Each structure stands twice: as structure tokens, then as C-alpha cells.
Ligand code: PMP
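First, one chain by itself in C-alpha cells, the form predicted on its own.
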């Protein structure tokens, strides 16, 4: 792999990992893009770097500037790492339904963290809108705006998509991905569809989000219920997701995602977060729909260490009503 010159050059070029039990159960090759191996620990490192790099390129970022963002955590962590490496400060707004571990990591990295009440996007006190207003109040601040900043999806068009194509030698049949900002699926789908039109792109959604309904019915209508998953689902179509080449969608329950992360931990040794549980459940379902002999690629988003107080806390799970086999 050679020598990487600093933090940002270590982003990307993650391996594909064959998920053994899922592959053997379906007769397909189910491969996970190991995004937890990025230097900041998640797939969001790619978007964080592309957005900062674009702001530098057009002259929006000056030395000593402050990066401001509203995030469920992983984008903020990637931004904080890169800010330290590039000489910026970081200020992060987070909704209060995210894990305490993410806040602790951000504060350890030197970011100022403002945890605010969780309210819908339509509310002016939504964490994203608060971040935007605060950035606009400072002369030296830049609001990153990961949801509508299309440098996010460009990151995956220029890096993740080409890597998947090269690593599978063009033999990928489907890409399956849970969606929050929409950057990953939009960027990967654009690249893969340019390579081969018949590659299937499947959006995965959690309960209590509007994205499944958007793909299947064309209406941005929230599904009933709520989800414990962090960083995925949305009530609107972002600029990153708008126009994405998506063939169909699946909705994955929290119970299935929880059961999957524990199976991956106990049976294969992998310690992943809940969004990866959603992705692996979705990849298995897609494999069964397509039939044996296909190659399905998904994303192993981040490690489970950020969720020890929730997803990997039996008492917390029991209070939420989840069963662990």
C-alpha cells in the first residue's frame, strides 16, 4: 500500500472483506467495504476531507478558520481530525439522541461540542439549522453543510465507486447502502452506473424515515415509528441524494439490525455499529432476491466502540425492548 503522507492521504483505499456466514448462507459473494479502517474510524472521513478540500480550493477557508457542522457524530469526528491536521478549529452541533462516546471522542479531539435537543428538520432549533446560523454569525467560520454540500457525493464518485469497481474487477452486481445525507449511495451509484448500467443500486432505510417511501412511491412521507440507528434516515431529499440512480429500496427493522451486529460479533469477530447491521441485513436480502452466484457490495460504516453505552449495553437494549439471541 506504500507510504501515506499524513492523515488525509490515509483516507480511502479500504479493503473489501468477504462476510463469510452471509456469503455461505446465500450462495453469493457478500463483500463489505471496510470503511471503519479509515483513519478517523468511519466512512464519513471521505466526505469530511472532500468538503474541506473544496472549501480550501475555492478560497472559503483561511488559516485559523473555524469549521462548523451539525452531525450525528461521525462526520464531526472526521472533520475534527482533519481540522487538527490542517490548522483549523472545529465546532460541532449534535442532537441529544446520539451516543455519549461520540461526544467524548469529539471533545478529546479538541472540538467544541454543543449537544442540543432532538427536533425535526422543519423546526428552526434543529441541530443543522443551529450550526448554519452560528457559522453565519462569525466572520471566520465555514458551515460545512454535509447534507447539501455535493462535495460529499463527489468523494464517493471519485474514490469509493472506483475502488469497488477495481477491487471486484468489474464483477459487482449490486451495491446496497443505508442512507443519511445520501452522499455515499449517490456518488457510488453514479460511478457504477457509468461503468455498467445493469448494476443494481439499492437504498436501505430505517423505520421512522421518509427515504423508503420516496424510492417506492415518489412521496417524501415518514414511515411510522422511530429508530435507534444513528446517522441514517431522513425526512427530506438532500441535494446529495437528489437525482441519485437508485433502482429500489428496502426497509430494515432495528431488531434485525441489532441481531445482526451481535451475530457478526459472536460468529465472525467483527465489532460494528448499527448502520453496518442495517447494511449487512440489506445485503443478505438483496442476495436472496437476486439468487446465488451474484456479488453484492455494502459498507461496513464504523466500529462498535462508539456504541458501548447503547447498542452494546444489555440494560439499555432491554429498556428499548430489543431481544438478543
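Numbering follows the first chain given and starts at 1. This structure is a prediction, so every number in the text was calculated from the model and none was measured.
Separately, the form predicted in complex with this ligand exists; it is not shown, and the next lines address it.
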Kindly confirm or deny that 205, 258 and 277 each have some heavy atom within 4.5 angstroms of this ligand in the predicted bound form. no
is_contact(residue 179, this ligand) in the predicted bound form, heavy atom dist at most 4.5 Å: yes
Can residue 160 be called a contact residue for this ligand in the predicted bound form at 4.5 Å between heavy atoms? no
So in the predicted bound form, does residue 230 come within 4.5 Å of this ligand, heavy atom to heavy atom? yes
Whether residue 46 contacts this ligand in the predicted bound form should be assessed with a 4.5 Å heavy atom distance threshold; does it? no
Assert contact_stretch over 54-62, 30-38, 264-272, 294-302 against this ligand in the predicted bound form, heavy atom within 4.5 Å, equals 294-302
Check each residue of 51-87 against this ligand in the predicted bound form and list those with a heavy atom within 4.5 Å, in sequence order. 74
